[in-house]
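Only one chain is given next, in structure tokens, and it is the form predicted alone.
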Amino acid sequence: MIGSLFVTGPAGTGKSTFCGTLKEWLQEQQMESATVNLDPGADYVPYEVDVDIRDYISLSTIMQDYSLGPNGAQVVAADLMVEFVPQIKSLLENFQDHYIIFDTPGQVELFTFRQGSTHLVDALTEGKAMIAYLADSVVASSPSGFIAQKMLFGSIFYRFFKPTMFIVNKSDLITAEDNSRIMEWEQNPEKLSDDLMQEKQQIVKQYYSGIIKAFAESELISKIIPVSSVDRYGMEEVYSQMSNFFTGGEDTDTMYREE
């Protein structure tokens, strides 16, 4: 593979639709791409799956074998995925000249916070991995919603310590003014703090100011990429970030390389 992108984020942010749209966009640009579904509980995915974890893991079988309900079965399935790394990796050998797009489970915690998740990413990609965190544009258009999603983005970044894109999906659902405000919050923590105080008058100002200051002083201030899977807006920028990391030269990803 040229490189891989693991798409994660809260339920309902449009991860699967984004994966399908990005795959189509890459193919239209004459670039090879393939999709891997890592969600064993997915009833439907809006793209042609090239490698599917559902060929190895069945939620109904897990529920029966372990006497679990749907939620418990999802947790067990997330842990079982590591056992099928050799089979998945063998299939990925057919896509040497491809960008690989991994569609992760709908509930972000099933991928991000399970013990084997970091091993799964490293084992399947041999270090050629990026993470795409998808935020919901409607939620992110309020100061408190933006901060909540940035905190989740930060936990994912430090969990995997891979290049991580902060992608605001469904940008077509909010106004141009809201999109501009989100971009401004990312680059101007003082503006974010002021707007938060106006939204939440009752909060402890010092506490939240400290969180915003931590954003500014850490690696959590990053480039925001607004995208829309409806009109394919932003897909070129997503590809640009991928291309820059995977093929941009030795110094491109110095922060993530071992000395």
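For every residue, the number given is its place in the sequence shown, counted from 1. None of the values given here were measured: they were computed from a predicted structure.
What comes next is about the form predicted in complex with a small molecule, which is not displayed.
### Task
Choose one stretch from 140-148, 113-121, 85-93, 172-180: the one whose residues place a heavy atom within 4.5 angstroms of the small molecule in the predicted complex.
Going through the listed ranges, the match is 172-180.
Pick from 31, 68, 49, 230: which residue has any heavy atom within 4.5 angstroms of the small molecule in the predicted complex? Here the answer is residue option 230.
For this session: Although the small molecule is absent from this view, report whether residue 106 comes within 4.5 Å of it in the predicted complex, heavy atoms only.
Result: Within the cut-off, so yes.
According to a 4.5 angstroms non-hydrogen atom cut-off, is residue 243 in contact with the small molecule in the predicted complex? Result no; residue 243 lies far from the small molecule in the predicted complex.
Exercise: residue 248 in contact with the small molecule in the predicted complex, heavy atom 4.5 Å: Heavy-atom contact with the small molecule at 4.5 Å: absent for residue 248.
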